[in-house]
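Here we start with a single chain on its own, the form predicted alone, put down as structure tokens.
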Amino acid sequence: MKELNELIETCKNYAFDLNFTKAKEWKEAKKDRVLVGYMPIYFPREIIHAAGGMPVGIFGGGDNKQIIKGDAYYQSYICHIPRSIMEIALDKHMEHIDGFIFPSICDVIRNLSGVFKQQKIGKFVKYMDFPQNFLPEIGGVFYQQEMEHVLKYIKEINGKTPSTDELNHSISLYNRNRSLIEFIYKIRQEFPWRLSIEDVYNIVRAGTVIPVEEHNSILEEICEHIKENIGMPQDKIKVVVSGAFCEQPSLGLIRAIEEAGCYVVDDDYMLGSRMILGDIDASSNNPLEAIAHAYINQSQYSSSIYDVHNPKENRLAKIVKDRGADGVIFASASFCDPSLLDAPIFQNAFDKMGIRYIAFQYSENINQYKVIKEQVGTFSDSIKLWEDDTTVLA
């Protein structure tokens, strides 16, 4: 078994490889393999795997890529991630990726899918709507049809239609993947010093750009390491980070939150890898229906989903309670409409519930953290000094 530091460093190298080298090597190793890029937040990766493909997460260049060409495509008053993704595409980092899926996050991502079509990037471009009606006979059927459209695109490339057994096998692999990631978060809930949130982020993000089988093997080794009593407890509060589900914060910012006195025990940084809670039925005669029903009945809350019968503020409050968190950090990408529109709803609800919170905005290429560290540090200190006070810092 490899050393923990070696495993984490391997994951970090995979996660921030803007050339997607591992995915390219996987594709070239065997004929008719297909790479399908998907943007945040969530995409049912199982169907790509079953169809002989590999899903590749595309989350922008962060602070590793200077934006020059991408600025020509988007206004200055929208979020940073579409410019970043365009820069990667125009610099030919993704030439080996066959098709691209753009989930229904917001109007900006919808527009980005149109730009990809206009620029003829990839063999297919699919803007994928997710159900907003959570009745299985309506939203569930619609979602199955959306997945069938994706499979049709892949069949046009490699001629493959996945069988029921192949779909169920892929579902079982991703069930295992989510359960291992959840094990890591449960360990952090009780012993957050055993693995930093920066390390967790690198570990989870690596799984979006390498084969799921390889990621599962890495996760299994990491889980064995963190079962041991490693690390040293520090005087920090426990927090949940919410709002960073699409444009990803830089590693420096992720690190800065914990350095300022907080253990992050839950987050939505890589929401797609953790969107489904629990297992999807891996023995169904209709695997697409099983995936659809899991999305309807077992999905995390998300600012891009409107579920009138299941208020997201209550769902976030439950996460805070279940993780034993002392407060919430609302971290929103600048100009992120879904996150920023949700913030007042969350904050009004938490004022009434007595849940402490702070809020700030960031962009993926930010490299100055002093103000944010001071704000987070003050939040942490206020909770440690006045544990019985429900005063909220905004």
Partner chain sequence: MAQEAQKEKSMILQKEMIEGLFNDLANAKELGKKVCYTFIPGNLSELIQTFDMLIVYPEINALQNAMRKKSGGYIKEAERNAHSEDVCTYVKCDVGMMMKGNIGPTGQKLPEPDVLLLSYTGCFTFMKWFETLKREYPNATVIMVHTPYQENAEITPEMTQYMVKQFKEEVIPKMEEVTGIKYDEAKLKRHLKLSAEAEDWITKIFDTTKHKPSPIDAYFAGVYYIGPINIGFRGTQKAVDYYKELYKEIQIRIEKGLGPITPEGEMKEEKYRLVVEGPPNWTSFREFWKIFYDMGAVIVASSYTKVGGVYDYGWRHNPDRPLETLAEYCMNCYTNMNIPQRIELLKKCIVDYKADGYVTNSIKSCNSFSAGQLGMMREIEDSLEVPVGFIESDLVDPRYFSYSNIKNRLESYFQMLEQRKKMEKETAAV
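Residue numbers count along the first chain shown, from 1. As the structure is a computational prediction, the values presented were derived from the model and not from experiment.
Not on display, but discussed next: the form predicted in complex with its partner chain.
**Student:** Would you check, heavy atoms only and a 4.5 Å threshold, whether Glu166 touches its partner chain in the model of the complex?
**Tutor:** It does not: once its partner chain is placed as it appears in the model of the complex, Glu166 has no heavy atom within 4.5 Å of it.
**Student:** Taking heavy atoms and a 4.5 Å cut-off, does Met353 contact its partner chain in the model of the complex?
**Tutor:** It does not: once its partner chain is placed as it appears in the model of the complex, Met353 has no heavy atom within 4.5 Å of it.
**Student:** Closest heavy atom of Ser170 to its partner chain in the model of the complex, within 4.5 Å or not?
**Tutor:** Close contact is absent here: in the model of the complex, Ser170 is far from its partner chain, nothing within 4.5 Å, heavy atoms only.
**Student:** Is Lys318 near its partner chain? Define near as a heavy atom within 4.5 Å, in the model of the complex.
**Tutor:** Residue-level check for Lys318: no, no contact with its partner chain.
**Student:** For the chain shown here without its partner, which stretch in 281-289, 204-212, 231-239, 126-134 has non-hydrogen atoms within 4.5 angstroms of its partner chain in the model of the complex?
**Tutor:** Of the options, only 126-134 has residues within 4.5 Å of the partner.
**Student:** With the partner absent here, would Val115, Gln145 and Lys312 each sit within 4.5 Å of its partner chain in the model of the complex, counting heavy atoms only?
**Tutor:** Contact check passed for all of Val115, Gln145 and Lys312.
**Student:** Using a 4.5 Å cut on heavy atoms, which of Val108, Leu151, Ile157, Ile187 is close to its partner chain in the model of the complex?
**Tutor:** Of the listed residues, the single hit is Val108.
**Student:** Can you tell me which residues in 335-351 come within 4.5 angstroms of its partner chain in the model of the complex, by heavy atoms?
**Tutor:** Phe335, Asp337, Pro338, Leu340, Leu341, Asp342, Pro344, Ile345, Gln347 sit within 4.5 Å of the partner.
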